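We begin with a single chain expressed as structure tokens, specifically the form predicted on its own.
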Amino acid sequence: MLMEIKKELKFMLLNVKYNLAREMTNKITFLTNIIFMILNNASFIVEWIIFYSLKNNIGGYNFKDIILLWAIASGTYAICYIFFGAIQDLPKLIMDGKIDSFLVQPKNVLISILSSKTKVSALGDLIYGYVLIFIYGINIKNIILFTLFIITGGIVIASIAVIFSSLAFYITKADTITSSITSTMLNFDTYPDGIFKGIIKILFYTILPIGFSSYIPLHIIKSFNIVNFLIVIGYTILVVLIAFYIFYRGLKRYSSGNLMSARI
């Protein structure tokens, strides 16, 4: 079991390596995508600087907490789209019957699909996330926890996207649902959880698990709690297992589009 997981991880990393090598053939475009993503993220921090010049506390967060929240959100997005960049294409591939070439490979179908593309701009998010964590407070504990949580966060986002993408095996326009869900998660995880109440907060710990990808990790980095740490790890494992189960259950209903093409 462990050997199989190790092989799949090695295969995924190799895919990412080739994806990046392919993108780097045009170095100007490659670097421009990264730089502009960093600048785009930085513009939002400027907005928060303005907000905090007017008020010292927003939703229980001070400005330093916002820095940490943005670091986690950026890093989480980066991990998701660097390693699972094809997640946004999954519903369309299923609906159009275009996953045949992945089915004939001697590798895990889902991992092969998700890692077949890397979003270059996500490298800018990753760099930006580490810059912010250094600004927040550089020490070994923060760096280790931050790195661990952006990995678990990225996996959670990708897993939730897989779950909703798998609706494409049963209904049309599942791509719209998946896009809405992931966009909502990525938009709201940069706001203090203290400003959300009632049903919205419940959604953030169920259908839109921002709580497990951003909010709980933030509080753990601020003040380590072993129970919350284990909850995040446990939830990540659980949502991955659910994603694989739902995808492969839906795969039994898959209808080929007879569009076999080699992947190079």
Partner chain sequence: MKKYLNIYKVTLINELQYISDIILGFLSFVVMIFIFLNLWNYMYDDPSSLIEGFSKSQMIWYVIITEMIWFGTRNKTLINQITDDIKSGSIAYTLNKPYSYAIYVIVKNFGEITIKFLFYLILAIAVGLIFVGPIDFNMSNILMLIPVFLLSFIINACIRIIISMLSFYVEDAAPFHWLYDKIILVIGTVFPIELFPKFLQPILKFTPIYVVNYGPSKLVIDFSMNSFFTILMAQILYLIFVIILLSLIYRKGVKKLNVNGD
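Numbering follows the first chain given and starts at 1. Owing to the predicted nature of the structure, the values given are computational and were not obtained by experimental measurement.
Here the subject shifts to the form predicted together with the partner chain, a form of this protein not shown in this document.
At a distance threshold of 4.5 angstroms between non-hydrogen atoms, T206 is out of contact with the partner chain in the predicted bound form. In the predicted bound form, Y235 stays away from the partner chain, with no heavy atom inside 4.5 Å. In the predicted bound form, the partner chain lies farther than 4.5 Å from every heavy atom of F63. In the predicted bound form, the partner chain lies within 4.5 Å of some heavy atom of K173.
Though the partner chain is absent from this view, in the predicted bound form it lies within 4.5 Å of a heavy atom of just one residue from I67, I58, V239, I220, which is I58.
In plain terms, the part of the chain that comes close to the partner chain in the predicted bound form, with a heavy atom within 4.5 Å, is 185-193 out of 185-193, 132-140, 149-157, 74-82.
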